[in-house]
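Laid out below as structure tokens are two forms of one and the same protein chain, each shown alone and named structure 1 and structure 2.
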Structure 1
Amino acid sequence: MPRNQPLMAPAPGSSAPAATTTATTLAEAIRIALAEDIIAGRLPPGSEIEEHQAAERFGASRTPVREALRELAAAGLVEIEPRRGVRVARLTLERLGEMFEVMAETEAMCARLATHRMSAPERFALQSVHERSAAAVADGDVPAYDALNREFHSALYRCTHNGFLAEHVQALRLRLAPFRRAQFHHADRLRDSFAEHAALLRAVLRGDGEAAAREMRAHMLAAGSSLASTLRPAG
């Protein structure tokens, strides 16, 4: 693997973050762009990410680049080696499986608590998010569905009315965010995910917290399985 793997330019139709963006927002934009490059294979495992190249690519100073790299390291996407630089981590399916297993149990807890604690307006809002995602599924629009998927799950976290749990699950979600989006590139995953959300929503609306937890657990494990199929080498 070449030591100095060049950073890829932004994908066609995309642009570097605006220079007027705040440092925090800029660091987040850089993190997302690099994470997507890693998941898409444009930055393969073992390749080096050089700070100055990233800074030039995004028209930024090294400060937001370093912040983005720290976030990627926390998510397990890169490894920061003292005096040796930053390299894309070599991810294992076993590690991803462990992460999705924990996420499945945590989100199942959220689904159960939210079912019993959400208000009528919150139920209506959750149903509305689900209905809006139908168009993205029909169009095969992965970015649109991914955004609505995040909105759907985040709404459930808030509906637990447990701030500590919501913060905990959001932190877990951040670590898995690039992988959760990657699952949607698997054939039929958009449609399957939508159907799983529908089953979960039915349990929520009838007030069956235990069924909602089971549906959420199954949903998350299915997402992990889909991702594994996407990432597993052919042959």
Structure 2
Amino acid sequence: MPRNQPLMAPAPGSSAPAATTTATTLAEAIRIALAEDIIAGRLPPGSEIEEHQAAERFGASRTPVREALRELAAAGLVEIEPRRGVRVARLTLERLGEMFEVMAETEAMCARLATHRMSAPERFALQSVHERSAAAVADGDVPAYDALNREFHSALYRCTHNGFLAEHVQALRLRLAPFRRAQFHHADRLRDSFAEHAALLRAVLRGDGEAAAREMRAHMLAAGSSLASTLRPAG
């Protein structure tokens, strides 16, 4: 099935044999590398990307770099002004809020659908992820919790049994990633996030889709406002 390739490598901290995981084409490799740079904050929002310089960095010509940049633009990670140049997407606070709302509503949708459709093994797996994240909270291990948080949400996406939806919301998440890096700076947020997951999980396990949606929406909005409070005016 010649589906659309994902914008990034399978998982940012995956267990796969490091690099050369997927790179059928130079342009694709460059796209992945640039996306990682943007998401990791090495290319902060607003910074300019010059084609020639990027090409040099990757030991390639401008052609594949241009292709990579076009695709990143389509995904919303960079902005292209014709004949002016490319820069990493920089959002107004208003637009960031709008994106968070869409994210929250879409995740809520996932939670509701997943509640009604997930299988018993899936239920068990979700619970397991949540339990493992408890340890990370106890240790204050931010990177570990961050990874488990992603896994928790991804598991929920899969439980919708709607592959397109899963890809769709994952793309949204990717697009917001550059602005969520400070997500768990405060230990408070870590604990709150875990508690919200717990409430969500309870709703899911008792089969109350609407409640699950509400919990998820609240969870995402809490994350959003926590983020907003740590953000300087124009990220």
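Residues are numbered by position in structure 1's sequence, first residue being 1. Small disclaimer: the values here were computed from a predicted structure and weren't measured. Just so we're on the same page, rigid core means the largest C-alpha set that superposes within 1.5 Å between forms.
K.L.:
Of the two forms I pasted, which one is the form predicted alone: 1 or 2?
P.N.:
That would be structure 1.
K.L.:
Relative to the superposed rigid core, does the CA atom of residue 203 travel 2 Å or more between structures 1 and 2?
P.N.:
No, shifts by less than 2 Å.
K.L.:
Quick check: residue 57 between structures 1 and 2 - does its CA shift reach 2 Å or more after fitting the rigid core?
P.N.:
Yes, because once the rigid core is superposed, the C-alpha of residue 57 moves 2 Å or more between structures 1 and 2.
K.L.:
So with the core overlaid, does the Cα of residue 169 end up 2 Å or more away between structures 1 and 2?
P.N.:
Comparing the forms between structures 1 and 2, which are aligned on their rigid core, residue 169 does not shift its C-alpha by 2 Å or more.
K.L.:
In Å, how large is the C-alpha displacement of residue 48 between structures 1 and 2 after the rigid core is aligned?
P.N.:
Core-aligned C-alpha shift comes out at 5.4 Å.
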